[in-house]
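We give structure tokens for two forms of one protein chain below, kept apart as structure 1 and structure 2.
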Structure 1
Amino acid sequence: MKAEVLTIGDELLRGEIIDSNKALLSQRLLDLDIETRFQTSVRDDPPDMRDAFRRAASRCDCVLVSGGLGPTRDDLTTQVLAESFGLELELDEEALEGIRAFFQQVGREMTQNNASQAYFPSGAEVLPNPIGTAPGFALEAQGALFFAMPGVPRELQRMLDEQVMPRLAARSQRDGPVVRARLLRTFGVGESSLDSQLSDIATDADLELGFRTSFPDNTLRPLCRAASAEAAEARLATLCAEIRQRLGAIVYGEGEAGMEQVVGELLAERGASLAVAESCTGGGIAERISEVPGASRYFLGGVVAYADSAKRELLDVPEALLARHGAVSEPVVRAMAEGVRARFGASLGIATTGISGPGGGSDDKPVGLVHIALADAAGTHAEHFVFPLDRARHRRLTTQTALDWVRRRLLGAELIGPSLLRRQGGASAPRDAR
């Protein structure tokens, strides 16, 4: 089956909201070995919508439509979809009662325009929406199967799981190739470098390798087609193993788990603990670590030491180091990492200090300069980088690099920085004393 995902709404085209529904719908279609051939977004404009509906029907077997099922004047999906294929709108009494019941349940008065949500194109099958006022519907038109769903993500996902996926599973043809894909997360190398390193991988017709940047990560999407699910899974596993062997520790995870979750799992598995000392990142590392459920098993705490006085009093950074080298320096970041590790009694201490900008730089210490240090029982490792980025992305990249260092240290891998944005800096070998 060939599929199209069609999302509707002026707010999508204006960039007011991120269209997460496209990604969700395409991912779920792939679970049924249905590849999305087209993704389209259109305004709440009848001519544009009619053109999109008719184009989709002419080139795809199924079309998943999101948005435009509400009660307001700009919710036009049902009406325009019916007009596109010469169908009348018909009232579904059961759907109308369901809408009334929803309003009674939440203690609100139903307005007259909500009744418009109980009208559907003739021949449509109504899809219940137990957590909203907008039922969806399934409709066959010009050889294509349309599923119209609400644009609200949680309502769409519920309807997708309970109504759409079972119908598609029953209908989809299983005599075509089975498709399997994974998502590998990488950090530290740009997508062009990744492509170059993997240039001789996934070159067969039944294999694909996609690249996507989602700052500060780059993701790889290996995909395999085969005659059976078992064959596709086996060949995909071989492909992923080959990619991991080629890239090594650059691949840090698989699926939707971010760096903080991967680091947390490693800390828990090894019975290790972490404490953080942050200046330029302002608590960003601690926030990311503590976002993961169960972080109390391995995260002991942190110190946001922005002022020099905080570095002295909370982390035992010697005044002489601050006076001689300044707060943004290797000796100070080393002392911060060692100080926070000692204060919390942690297995590992990580520290950051830098100039995130947009001001505050100098010839010797430019905007974007950051020092990172990691201290553990083996000693302390520090490096400095210049990340020429805006303030928000500078802080994000710094937290990602710090977390990656923790991951690498736990894996026994070399501590390196992101090569894509590294302008200067050199490794300093771990040592026990400054």
Structure 2
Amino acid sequence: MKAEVLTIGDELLRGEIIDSNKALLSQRLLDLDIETRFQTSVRDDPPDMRDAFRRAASRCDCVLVSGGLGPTRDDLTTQVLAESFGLELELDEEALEGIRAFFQQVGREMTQNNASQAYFPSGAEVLPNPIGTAPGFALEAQGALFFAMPGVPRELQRMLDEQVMPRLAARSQRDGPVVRARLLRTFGVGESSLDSQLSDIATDADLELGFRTSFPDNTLRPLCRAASAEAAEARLATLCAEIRQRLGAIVYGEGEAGMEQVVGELLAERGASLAVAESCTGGGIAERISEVPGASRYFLGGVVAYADSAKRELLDVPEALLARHGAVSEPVVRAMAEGVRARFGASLGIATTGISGPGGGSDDKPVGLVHIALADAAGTHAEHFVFPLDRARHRRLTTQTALDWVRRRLLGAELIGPSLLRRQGGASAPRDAR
């Protein structure tokens, strides 16, 4: 099957919004082995929309449309899609009832405009929107299957996963084998190293293994085709187990949960607690770990010790260490990790100090240098790295490495350091995201 992703809205064409819906829709299509051939965006303009709908129907088998389902005069997707293929609009009583119920639930008054959202092209199948006012719909037109969804990302994602994906899976199954895919997240080795470590895996014709770089991670996408859903899932489970066994702790998670969620779940499971002492990352580790709802179960807090005086006074780093070795040094990062662990009474203390740039480097301590330390009841481990990256990506890679250390320590795995990276062939700086 060939797909087109079509997003609609003046705000996109004015560049007011970075359109993340396109990437989400294309990712999900790929999970069903459906290739996105075109991504298109047009304004809320009937002639341009009409051209886009008709062209999409002529060149693709399925068209995922996002945006233009709202209640305002600018929201024209339903009406123009119907016109484009000579269809009438019809009231769907059930959808009207749903919209009415939504307004009752949130305690707001329903307007006539909102009622207009219960009209759909004749022959369309209504797709409920449990968290917004705009239902979506599925429509077969000129041999192409259209799915119209809201533009609000969280409403889109829910409708996509609950309503659209099962229908697309059924359709693509009708046309060929059942496909199942997963996303395995890895951190710490490069794409070429992953590729060579897995070169003899997934070589059968019904299996595929895709590699993606999504800074600072590399992800794997094992995919399986089979005659039935059960067979595809079983084969995929075996394949994933084989990959995990081969790669060990390099695989840190599966699906959409990021490192901060994986680490949070592990901390909660083990009844462990974490405190962080940050210099160059400036609060970035704390920010990520506390982004996860319920983080207060395991995250006690941290000290952002940007000034040396803060390292002394809030983290008990001895003045002599700072004077002798400088703030960016192994003795200081060790003292920071131990200090924050003691101050917060945490089972784990993690610390960073480095030079994220662009200024502040010297011959001895170049821009990109960063020290990381992890303290627990058994002692303190420290390493240093040089990441030749711009400030934002230096901070991102450092926070990811620090969180990964916490994960590896809780799992009893070796912590990533320059030597582990060398052994696994992943020492090169991660590729640019593009």
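Sequence positions of structure 1, starting at 1, serve as the residue numbers. It should be emphasised that the depicted structure is a prediction, and the values quoted were computed from it without experimental measurement. Think of the rigid core as the biggest set of C-alphas that the two forms share within 1.5 Å after superposition.
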Among the two displayed forms of the chain, which is the form predicted on its own?
1
C-alpha of residue 388: shift of 2 angstroms or more between structure 1 and structure 2, rigid core aligned?
no
Compare the position of the CA of residue 376 between structure 1 and structure 2 after a rigid core fit and state whether the shift reaches 2 Å.
no
Classify residue 158 as shifted (yes) or not shifted (no) between structure 1 and structure 2, where shifted means its C-alpha moves by 2 Å or more with the rigid core superposed.
yes
Core-aligned, what's the Cα displacement of residue 21 between structure 1 and structure 2 in Å?
3.1
Core-referenced Cα shift (Å), residue 148, between structure 1 and structure 2:
5.2
